[in-house]
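Let's start with one chain on its own, the form predicted alone, as structure tokens.
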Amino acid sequence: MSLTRTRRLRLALAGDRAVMAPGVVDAMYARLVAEAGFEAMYMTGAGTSATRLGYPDVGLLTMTEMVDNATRIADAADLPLIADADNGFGGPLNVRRAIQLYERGGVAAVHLEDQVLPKRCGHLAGKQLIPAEDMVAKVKAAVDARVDPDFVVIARTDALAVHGREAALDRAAMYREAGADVIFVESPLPDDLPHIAPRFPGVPLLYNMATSGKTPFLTRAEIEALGFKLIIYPNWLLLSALEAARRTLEVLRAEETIASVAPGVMSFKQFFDTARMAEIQELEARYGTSPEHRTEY
């Protein structure tokens, strides 16, 4: 019997190496991460907001929109999915429902943050926090709500940028005591990094390799040496694709033909193969679609 995704993530977090989870915003990015051989993936809230709404991450997406996106991503690739669950979309009762929906959707882990509603991206200024005791209640609600004991609850604190390092570490310790499986101290600067792991011996810690540049772009080995066990890379794939798309549009506008761009992009066949063409062909053969009507190149 194959291991569940939640169990695979738990085992990976207990291993010797830090788990690398590239950020995805939809099913096709999930397919690319799986093809590349990574052991986990991460649904970025900022990327989801940008691709679904065309707006920055300032708390405009609802719970059902976030869960819907996570469910589609989880369905697209057999990898443990770690998903952004913002601040739980309300109080402890909202958190309970959010956890239940994410878990039913095939997600292996979520992170919850201690910002007010509406929240904003953790690497933007102007953040506001709820009282630590209120976040403790949310963490307890999340732990209580999960059905699968391997489902991973990650508690994130944004206090470092608001109240400083010690306040952030104190909050993180309270969230760990409340039952969080993984601790996520958001937006640490280089001077902060050596101080996090010593406060949480034996506790898995999350390193957010965000694109803002506030937290340094370290290697996996350097991050492991600092005591972190999970690394997320939220929007790197999306930003790479957006820059490539912008260049394609510039060429098309200037040259009025796509000919010079075509050799440098994914082929038609690669595109459909990544989108699980082989699975479609196998299903058509299994269910008796006549050979002349089967999907072929």
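Just so it is clear, the structure is predicted and the values come from calculations on it, not from any experiment. Residues carry their position along the shown sequence, with the first being 1.
The form predicted together with a small molecule exists for this protein as well; it is not shown, and the discussion that follows is about that form.
Between the options 178, 210, 196, 152, the residue in contact with the small molecule in the model of the complex by a heavy atom within 4.5 angstroms is 210. Within 4.5 Å of any heavy atom of the small molecule in the model of the complex lies no heavy atom of residue 101.
Contact annotation: residue 171 falls outside 4.5 Å of the small molecule in the model of the complex, judged by heavy atom distances. When the small molecule is considered in the model of the complex, residue 88 lies well away from it, no heavy atom lying within 4.5 Å.
Taking non-hydrogen atoms only, residue 44 approaches the small molecule to within 4.5 angstroms in the model of the complex. Contact with the small molecule, judged by heavy atoms within 4.5 Å in the model of the complex, is confined among 252 to 260, 234 to 242, 266 to 274, 33 to 41 to 234 to 242.
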